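Presented below, as structure tokens, is a lone chain in the form predicted on its own.
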Amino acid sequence: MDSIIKFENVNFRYEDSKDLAVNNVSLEIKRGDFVAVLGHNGSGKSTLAKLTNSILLPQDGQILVNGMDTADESRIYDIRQTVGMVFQNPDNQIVATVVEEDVAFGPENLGVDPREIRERVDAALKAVEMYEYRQHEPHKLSGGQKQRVAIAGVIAMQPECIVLDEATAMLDPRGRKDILKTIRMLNEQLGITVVFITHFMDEAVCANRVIVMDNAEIIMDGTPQEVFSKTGDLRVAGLDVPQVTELSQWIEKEGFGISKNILSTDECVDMILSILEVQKG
């Protein structure tokens, strides 16, 4: 499996700061991956996101998207069509007064044939389960619905990769759950590569790879099981582990022979039921 995004010794510093926001970062995102990037505020994760499609350019090192250098101005539209961005506040991405017109905005700017735009808009809205709202006014939708419209707008541009920068941060639990379901579908059914920037531990559990950033550097990179087993290191970085993982680790310390790296609520319930069955026997 080849890489769709490749960072090579990348540094970035904002003009008003003396400290690096991204410090000598090297990483590869494989095609078809679902990668969660964790880190506390100021760790560099959002800067990393903006570097993936030329919103920001590295001051040192190189970033390649499908082999294209993000610093090459002649390839900027190709790069941004390959890697689509979804931001924290959907209101900042919604530009039209009707949902389907908003989703059509990106393909129209790419010069896509009107008949194909119609097909793309319908398919994108169906993918995020917002087709029935196609004639609605975006400003009357809930936060989660607006975010799904924003995601549909990116899907309609047919990117190979979607980077979501804290896209669930402003949503209530139900909205977060809906967006996460949508993202998993895009990855599993449509094969879209996902880079998911978040500070919610339970969201990162859904990824097949977790990257942890602290002080502008990558300090952990592995499967959710590998990363969340390092409770002490995560806490030093100002992060926690999913609550069910913390519970399973506590139960394991109490002497029960169970896995201490449980990540989901369903796994936790199964674990507790198995313990109760043993106790009955």
Partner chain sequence: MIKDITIGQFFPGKSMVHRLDPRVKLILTMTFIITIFLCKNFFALGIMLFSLILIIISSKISIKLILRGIKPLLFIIVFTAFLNIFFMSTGEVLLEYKFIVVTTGGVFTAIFMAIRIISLIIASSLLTYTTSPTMITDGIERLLSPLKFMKNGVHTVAMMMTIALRFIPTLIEEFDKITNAQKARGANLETGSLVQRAKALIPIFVPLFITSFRRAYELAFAMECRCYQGGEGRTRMKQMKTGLIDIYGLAFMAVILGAVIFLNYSYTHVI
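Quick caveat, the model's predicted, so the values are computed rather than measured. Positions refer to the first chain, counted from 1.
Below, we refer to the form predicted together with the partner chain, which is not included among the displayed structures.
- Is it true that M85, R118 and Q135 each have at least one non-hydrogen atom within 4.5 Å of the partner chain in the model of the complex? Every residue of the spot touches the partner chain in the model of the complex.
- Task: Scan L186, L180, A123, A104 and let me know which has any heavy atom within 4.5 Å of the partner chain in the model of the complex.
- Result: Exactly one residue meets the criterion: A104.
- Consider N53 of the chain shown here, and say whether it contacts the partner chain in the model of the complex, taking contact as heavy atoms within 4.5 Å. It does: once the partner chain is placed as it appears in the model of the complex, N53 has a heavy atom within 4.5 Å of it.
- Task: State yes or no: in the model of the complex, is some non-hydrogen atom of V95 no more than 4.5 angstroms from a non-hydrogen atom of the partner chain?
- Result: Yes.
- Is A71 close to the partner chain in the model of the complex, meaning a heavy atom pair under 4.5 Å apart or at it? Close contact is absent here: in the model of the complex, A71 is far from the partner chain, nothing within 4.5 Å, heavy atoms only.
- Query: Do E108 and the partner chain share at least one heavy atom pair within 4.5 Å in the model of the complex?
  - Reply: Contact with the partner chain, yes.
- Query: Pick from 27 to 35, 59 to 67, 224 to 232, 45 to 53: which stretch has a heavy atom within 4.5 Å of the partner chain in the model of the complex?
  - Reply: Among the candidates, contact is made by 45 to 53.
- Task: Using the arrangement in the model of the complex, list in sequence order the residues of 144 to 159 with any heavy atom within 4.5 angstroms of the partner chain.
- Result: G153, M157, in sequence order.
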